[in-house]
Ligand SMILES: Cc1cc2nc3c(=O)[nH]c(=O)nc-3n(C[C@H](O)[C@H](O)[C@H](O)COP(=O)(O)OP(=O)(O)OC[C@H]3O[C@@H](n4cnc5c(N)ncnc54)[C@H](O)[C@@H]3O)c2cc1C
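The chain that follows stands alone, in the form predicted alone, written as structure tokens.
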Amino acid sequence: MTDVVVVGGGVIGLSIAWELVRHGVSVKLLDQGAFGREASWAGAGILPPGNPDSASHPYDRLRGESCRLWPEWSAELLELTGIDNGFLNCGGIEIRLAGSSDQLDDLADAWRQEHITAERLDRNELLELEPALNPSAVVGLRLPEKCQVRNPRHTKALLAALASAGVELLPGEPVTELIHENGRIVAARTSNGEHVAGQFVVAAGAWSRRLLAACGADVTIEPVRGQIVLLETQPLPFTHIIGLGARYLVPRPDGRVLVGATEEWVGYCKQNTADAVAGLIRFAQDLVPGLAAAKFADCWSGLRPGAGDGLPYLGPVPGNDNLFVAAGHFRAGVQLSPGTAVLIRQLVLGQDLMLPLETFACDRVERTQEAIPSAH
């Protein structure tokens, strides 16, 4: 019998399977479609800095632990598979194009409270660092430790590592029911049969809510569409990740520039829209006017799993002795995936946890967008 069945093959499920198999646990991984082809593939792979030793909020500690693991995981996956996931410390700059020159001061303070370097830049300093930026920029905040990874390459590396480790990979196998007997899950049912295991993990992203509801957990995970545009230009006009609120530009070393991303509560609709694509292109030109001459290469969208209070669900599912959840990471699935995987491994193996899970519990009392520190 398999030790653990993981339901969901996005970056969270893949990472959990990888962490478990590295610790001697036999794993079967099920996904309704192709592995890593939903929100995990669609995202931009932005990895903010973190410091678990200085962070006070459990979410920030999770980010910090993940940040600490990313270089190690990337190097190990490269050595094992020969696949370079594109992990790169390129730095990032948050900018504002209008308003007061002190409007990023609170954000800078939040980062510094975690003992993370945050450099406030005036207009002249911004343009000296990145001359292609809009010259009307008022103020910037540079995070030199901000990194990026190429999501499709990373999920490909994880899949190759799992295959070589003997994980049973079953794409195109949607789970219709988790069979419950005497307070335990005994099998995951699909159209092809029942998959029996000792323990189960639901990591199905935006599709997790239905499975968990049938097990007595009322989580508030909803799909949130995010559209992204891909431009191509040589040479790259800038090298830092450029952010303005929830939108960003991510420069890839090969001349590609990711422009994202929208946040749209439209159910399970993944189509791109003319209005959103046009808006993202305008946004890119507002930040870096020279991108008006870039080649339009592609556009796509993904469905992020958004929770009502902005926090993921991590931990045991009440009323089920052997069922765990790791879902609802919203825009942070890739960045939080290593830390999430370690936490689930600790739960599955009954080990001490690296951080408390009450904040992420299925039965927590949710507040509207709970005060996740503003450094995010």
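Don't overthink the numbering: it's just position in the shown sequence, from 1. Values in this document were obtained by computation on a predicted structure and should not be read as measured data.
Here the subject shifts to the form predicted in complex with the ligand, a form of this protein not shown in this document.
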L30, E38 and L211 - do all three of these have some heavy atom no more than 4.5 Å from the ligand in the predicted bound form?
yes
TL;DR on 314-322, 347-355, 334-342, 49-57: the one with heavy atoms within 4.5 Å of the ligand in the predicted bound form is 334-342
Answer with yes or no whether I12 is in contact with the ligand in the predicted bound form, where contact means some heavy atom within 4.5 Å.
yes
Is the gap between R142 and the ligand in the predicted bound form 4.5 Å or less for some heavy atom pair?
no
Contact label in the predicted bound form: G92 to the ligand, heavy atom within 4.5 Å
no
Determine whether any heavy atom of A204 comes within 4.5 Å of a heavy atom of the ligand in the predicted bound form, and answer yes or no.
yes
Since exactly one of L303, L159, L77, V219 fits, which has a heavy atom within 4.5 Å of the ligand in the predicted bound form?
L303
Of I116, I228, A294, I242, which one comes within 4.5 Å of the ligand in the predicted bound form, counting heavy atoms only?
I228
Scan 241-267 and note down the residues that get a heavy atom within 4.5 Å of the ligand in the predicted bound form; none is a fine answer too.
Y248, A261
